[in-house]
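Taking the form predicted on its own, here's one chain by itself in structure tokens.
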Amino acid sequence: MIRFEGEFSFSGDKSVTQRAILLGGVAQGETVICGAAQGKDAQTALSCISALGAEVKHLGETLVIKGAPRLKSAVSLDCGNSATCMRLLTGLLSGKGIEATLFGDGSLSRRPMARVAEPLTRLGARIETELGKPPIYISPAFLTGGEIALSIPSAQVKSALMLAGLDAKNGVFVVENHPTRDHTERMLPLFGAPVSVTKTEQGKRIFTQKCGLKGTEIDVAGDLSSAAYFMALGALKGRVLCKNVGVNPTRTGIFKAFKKLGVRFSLSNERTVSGEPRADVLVEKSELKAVKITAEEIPLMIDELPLIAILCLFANGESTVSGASELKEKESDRLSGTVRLIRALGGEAEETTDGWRIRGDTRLVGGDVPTALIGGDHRLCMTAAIALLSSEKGGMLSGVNACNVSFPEFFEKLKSAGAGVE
């Protein structure tokens, strides 16, 4: 196995970038976003706010957004492949007094949207879907607000409800019993919107109230989900330093998995910028051991689970993941997709009702990965690349354009580091 070493920087966090774009699009004045993500999902969010009347200027990786003083109505917004964009926009626009239709590509059109539409309707919104799936139709409505307990641990649903609170007469209380990403809680105060968080025995209670937004400046840390692929190569093949990476504690489930697996890693140069923690992360070649990951841990590492599965192939013993049924509702069914990928490359994996069992210390031979096997899913595509680079013989990976959703420079960055990509 060829040794892999290097220092790497990454484009801005996709989740943070999309939130900053959407809020900047409806804020008064200018919002400057430094280090913005470069993938298709960020471009989708920019297209949506432009269609609503915002003005956007591109200055390299810096975006300057002049918020729309009055949102256009009767608009159709193409959310592409981005569930984050669609769900957050649904909450953000539900009390703005406009008509809007939100639609997406074939993958997004299959994803569940009743989980957003139903609680927003209870707050007074007028929202319709096609049997719980996109398109989403928003009509002018008066939001009274109220209290909603999250039925599933979802940062997207939580954020949609919080954003609706900005136009609700009585504000909105969101009750969260399981931790999810808190980027929205951290970002809204930067735009002048107060957020009240009260801890409870079960979790926390988050309150947002009727409030206008004011433009601000946001510096976005490197995307941890993107860096994770390079960290995995460091753990398997050498030594990797990932610089200026976001280490928000509601995103660092991957580090908990690393500890369980026995991955050698450390954080340095820790600081907080624009409300978000960041650090440099060093990962070195490690002797891995089998892990057991359960439902309580899943929300904070949901995007990295397929990658963790690949690491488990090189661990000593049998690893299990349970409580991960939400993987079925992503851009593709990542639960079964991960198992199919592992088997296609010679590894041993078995799908369960809500997770998988993976046998480590077996030969990962390699082999060709056709487009159909990754289903156009950017996470599975990059996971397949790491698996092939770590296998005995490697192989041909098709459908690589899927990476453009979140990490368009993925293969170029691997190639420049001499990872064995042609």
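Here the structure is a predicted model, which means the values were calculated and not measured. Counting begins at 1, following the sequence as shown.
The protein also exists as the form predicted together with a small molecule; that form is not presented, and the subsequent description refers to it.
With the partner removed from view, the residue among 332, 216, 248, 156 that has a non-hydrogen atom within 4.5 Å of the small molecule in the predicted bound form turns out to be 156.
Proximity to the small molecule in the predicted bound form, taken as a non-hydrogen atom within 4.5 angstroms, holds for one residue of 276, 185, 303, 297, which is 303. At the 4.5 Å threshold, heavy atoms of residue 84 reach the small molecule in the predicted bound form.
Among residues of the shown chain, residue 181 is one whose heavy atoms approach the small molecule to within 4.5 Å in the predicted bound form. Of the candidate stretches 146-154, 73-81, 263-271, 90-98, only 146-154 has residues whose heavy atoms lie within 4.5 Å of the small molecule in the predicted bound form.
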